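Given as structure tokens, the chain that follows is alone and in the form predicted on its own.
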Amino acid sequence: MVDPYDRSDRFELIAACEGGTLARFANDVLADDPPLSVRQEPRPQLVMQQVREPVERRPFNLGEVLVTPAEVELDGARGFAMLPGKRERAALSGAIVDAAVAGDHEATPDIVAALEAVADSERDQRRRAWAESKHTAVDFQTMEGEE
């Protein structure tokens, strides 16, 4: 179960959210002109993506991926977002949305409802993808420990 009030879960939901939705919520939060400082300008950069191989569960570097991080302080609450790809506006909006929820802004219930809808959509999409591909799954046997 994904919890939009949990910051780690919220990061994932913001990254999966559409840029237009993030911009709409950011505009709603900024409508009253609260104090906002941008601590990290949104700039695309490459970061190393690390994954865990499935046999021995060892981490390895898959390769570099393009992301756009941004960080803000909104009315005393800090917000951060890192979105895949080159998405400066959406990253800044995501950081504002994160700060709004962290600071319990009056728009928080609407933001949380939208993030829960994103979580439901992501879960349904994964369920459909698994239903389509589960019949093609291959069960491998490894020779680990065999002589």
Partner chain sequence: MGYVAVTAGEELIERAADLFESQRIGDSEDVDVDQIRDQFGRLTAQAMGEGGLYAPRLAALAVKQAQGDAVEAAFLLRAYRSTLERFDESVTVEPSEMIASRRVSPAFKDVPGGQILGATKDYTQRLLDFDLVDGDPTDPTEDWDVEDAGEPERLTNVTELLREEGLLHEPTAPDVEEPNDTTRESVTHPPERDEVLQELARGETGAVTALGYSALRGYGQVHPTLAEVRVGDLPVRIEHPYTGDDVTVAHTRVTESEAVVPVYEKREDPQFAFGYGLTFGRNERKAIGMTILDASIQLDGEAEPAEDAEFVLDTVDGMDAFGFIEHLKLPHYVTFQSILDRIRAIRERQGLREDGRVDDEQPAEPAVAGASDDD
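The shown structure was predicted, so the numbers you read here are calculated from the model rather than taken from an experiment. Positions refer to the first chain, counted from 1.
There is another form of this protein, the form predicted in complex with the partner chain, and it is not shown here; the text below is about that form.
Colleague: Within 4.5 Å, heavy atoms only, which of E106, E116, E53, D32 is in contact with the partner chain in the model of the complex?
Modeller: Of the candidates E106, E116, E53, D32, E53 is the one lying within 4.5 Å of the partner chain in the model of the complex.
Colleague: Test of understanding: in the model of the complex, would L36 fall inside 4.5 Å of the partner chain by heavy atoms?
Modeller: Although the partner chain is absent here, L36 would stay clear of it in the model of the complex, with no heavy atoms inside 4.5 Å.
Colleague: Any chance E132 has a heavy atom within 4.5 Å of the partner chain in the model of the complex?
Modeller: It does: once the partner chain is placed as it appears in the model of the complex, E132 has a heavy atom within 4.5 Å of it.
Colleague: Could you confirm whether E64 comes within 4.5 Å of the partner chain in the model of the complex, counting heavy atoms only?
Modeller: E64 belongs to the contact set for the partner chain.
Colleague: Are any of the heavy atoms in A15 no more than 4.5 Å from a heavy atom of the partner chain in the model of the complex?
Modeller: Taking the distances in the model of the complex, the answer for A15 is yes, it comes within 4.5 Å of the partner chain.
Colleague: Given a 4.5 Å distance limit between heavy atoms, list every residue of 6-39 close to the partner chain in the model of the complex, or none if there are none.
Modeller: Read in sequence order, the residues that approach the partner chain (within 4.5 Å, in the model of the complex) are R7, S8, F11, E12, A15.
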